[in-house]
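Okay, so here's just one chain, in structure tokens, the form predicted alone.
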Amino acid sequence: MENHKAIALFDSGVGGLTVVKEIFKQLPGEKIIYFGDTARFPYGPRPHEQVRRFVYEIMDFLQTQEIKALIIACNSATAAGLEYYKERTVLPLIGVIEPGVRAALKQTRKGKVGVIGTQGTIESGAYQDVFRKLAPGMELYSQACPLFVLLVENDLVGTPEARRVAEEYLSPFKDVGIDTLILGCTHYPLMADVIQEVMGPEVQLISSAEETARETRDVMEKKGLLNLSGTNDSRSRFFVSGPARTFKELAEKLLGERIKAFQVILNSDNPLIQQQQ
């Protein structure tokens, strides 16, 4: 049955694990297949055409698995071409930008919203496009925060350096008085504590991970694909393009559970699953 197939997610690295964690919480009966393109991380500074090429390779690989939906758990990849990707699959395809915008519109009191993301996401204007479509009168302020991704990938979130970087990036938002801040990269919820500390309790943080999981549940329900059979012990299957062991160690720390990780060599008509850790 289709509803017993897995939900596939992919990201440039470990950031998409924040979406995985939320899906485990909100959709406990679902099986997950994850792909982290750790060998070609980060996506943020790359040209959109190159990012789309990477995404096509990952989508082609994931569609060889038993899956029922695809989540682009990466803001940079979503911003590079969600409409392009829809032409490459008949499966439900979910990005991470629009769910976060809708949540921010519900939360803001003053109509002043900030969004932080990678260089590629911010420069693409993808968030501005969605805001113009859903709430053209909203005041939107944006800031690229590329070092946040590097801090997360290198497990440096709790360091004094992370606090200093956050203060530098976020000070313009404090000056204009936003009341809602979209964490426009799936890595950023892992920086949420330090971001909240810098912005203060009066600013509401919007996690793209949490909202994307909620959107996934809505889509699965509407299409009759939700698995309500209960928790599945074999739900976690993780693929990466870089070393599996490095990813496995950080993933287990973030998810709080043991996982199996496999290295996959892409750029081939027959991707090679090379290594299990």
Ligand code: DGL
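Residue indices: 1-based, along the sequence shown. A quick note: this is a predicted structure, and the numbers were derived from the prediction, not measured.
Here the subject shifts to the form predicted together with the named molecule, a form of this protein not shown in this document.
- In the predicted complex, the named molecule lies farther than 4.5 Å from every heavy atom of residue 35.
- Interface membership of residue 61, defined by any non-hydrogen atom within 4.5 Å of the named molecule in the predicted complex, is ruled out.
- Not displayed here, the named molecule is kept clear of residue 239 by more than 4.5 Å at the level of heavy atoms in the predicted complex.
- In the predicted complex, the named molecule stays beyond 4.5 Å of every heavy atom belonging to residue 247.
- Between 171-179, 83-91, 158-166, 186-194, the stretch whose residues reach within 4.5 angstroms of the named molecule in the predicted complex through a non-hydrogen atom is 186-194.
- Of the residues in 19-33, none comes within 4.5 Å of the named molecule in the predicted complex through any heavy atom.
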